[in-house]
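First, one chain by itself in structure tokens, the form predicted alone.
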Amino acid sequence: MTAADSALFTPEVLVHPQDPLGFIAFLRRLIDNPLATWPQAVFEEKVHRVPFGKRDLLFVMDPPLVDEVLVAKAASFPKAPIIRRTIGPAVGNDSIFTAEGAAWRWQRRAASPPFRHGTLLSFVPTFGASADATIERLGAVSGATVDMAEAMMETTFDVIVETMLSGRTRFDTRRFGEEISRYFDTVGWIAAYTTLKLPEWLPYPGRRRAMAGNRFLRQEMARVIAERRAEPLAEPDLLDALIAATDPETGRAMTDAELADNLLTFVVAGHETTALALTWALWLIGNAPAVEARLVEEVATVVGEGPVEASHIDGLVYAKQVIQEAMRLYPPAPIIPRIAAEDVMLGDMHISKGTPVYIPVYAVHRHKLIWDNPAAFDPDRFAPDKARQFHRGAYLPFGAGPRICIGAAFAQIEAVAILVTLIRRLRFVPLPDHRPMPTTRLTLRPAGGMPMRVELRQTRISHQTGT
């Protein structure tokens, strides 16, 4: 480690078991935090087999092999059944996220046009306006401790409502977030039941309330779609684009049920991913004064005092690096579960049909064979002259291959625009006695939230002072 490396902020890490867990200990950890079941070996080896019942579980961390699973041989490694069982109740089993084969391909083709780069850049003023509203809320309580996880969820939910629904449909934002979190909190139980091959109807703590919450969310989506069909907008938004979307090969359009599933997918995943990226980024920045100073200076130079605009995005190079590094250390989707659909070769290994194959993204992003000083927060890893040096299978915040997240570019532009808008008006100060630990609830959330002290900057950012 160099002297420069030693000056970097290195968050505490979750302790992973060196030896195999006993069955009961494994289930307890799986229910509490699935991330804690991963063996330390997944951070140190290229592949790792975990004996489990009659069939091994295969963890794949080597970037070229990851690339085989997700890109070159993606058809041989579809999404594992656990995806449908854990996520299906929340967003449906026929959405663009959960569907497979032809059902997925036509939806992906139909839904892609609204996510073109030019369209996404047109949303930058909306991203900035949502961040300004957050500044107004947080500035009013300057000096107070605020849960930034909750604050960022509210900010990005505002973005989704404005971009997908033109702000026309009012949601009970707080309840929406509560219902999503309530369901996510039961995912450990669902994973345990799936592991034990127990029936889906079997009760577990929180199941009834979580299912009722899912019904509420789906009813809200059906209401929104019915209202929009009855009264289309003169200037179409993303929902109108989905309603009008057709498969360019077959001309098929989405049914209302498919629209509801996909709208819920975009609402849930669309705000959750960016909110978590921002939450972890603000905490990391708050612990890294040199990163904060450099970021503030870039904002002053590129954006100045006016609102962030589409023309600024390409110039916010360091801000993008900060977001990328935050998503390396804390990828919103920490694992990609796949299953071998047939007997297949992976590298020089024979993989039998039915073998569960896991890409532990959180471990790949912190792997000692892939990254220098992997536990440290160092945005310069993603400097333009360095980012091209690592294999595409080494960095997977949005997955890879044909199933890469359709909203990846949306989330990255949104995160940069919101971050630079917030950072020039507010300081985010970590609490000295708070040690946030990542916990897997489908996404990678900080256990107990992210309480931070929020302060208005004493002076406005200027290019000369960077304050």
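Remember, predicted model here, so these are calculated numbers, not experimental data. Residue numbers run from 1 along the displayed sequence.
Just so you know, the form predicted in complex with a small molecule exists too; it's not on screen, but the next bit is about it.
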In the predicted bound form, does each residue in the set 115, 397 and 405 place a non-hydrogen atom within 4.5 angstroms of the small molecule?
yes
Looking in the predicted bound form, any heavy atom of residue 279 within 4.5 Å of the small molecule?
no
Can residue 376 be called a contact residue for the small molecule in the predicted bound form at 4.5 Å between heavy atoms?
no
Taking 4.5 angstroms as the cut-off for heavy atoms, does residue 283 touch the small molecule in the predicted bound form?
no
Would you classify residue 410 as touching the small molecule in the predicted bound form, given a 4.5 Å non-hydrogen atom cut-off?
yes
Please identify the residue among 96, 148, 364, 308 with any heavy atom within 4.5 Å of the small molecule in the predicted bound form.
96
Which residue, 338, 328, 320, 228, has a heavy atom that falls within 4.5 Å of the small molecule in the predicted bound form?
338
The small molecule in the predicted bound form: contacting segment from 177-185, 195-203, 242-250, 101-109, heavy atom within 4.5 Å:
101-109
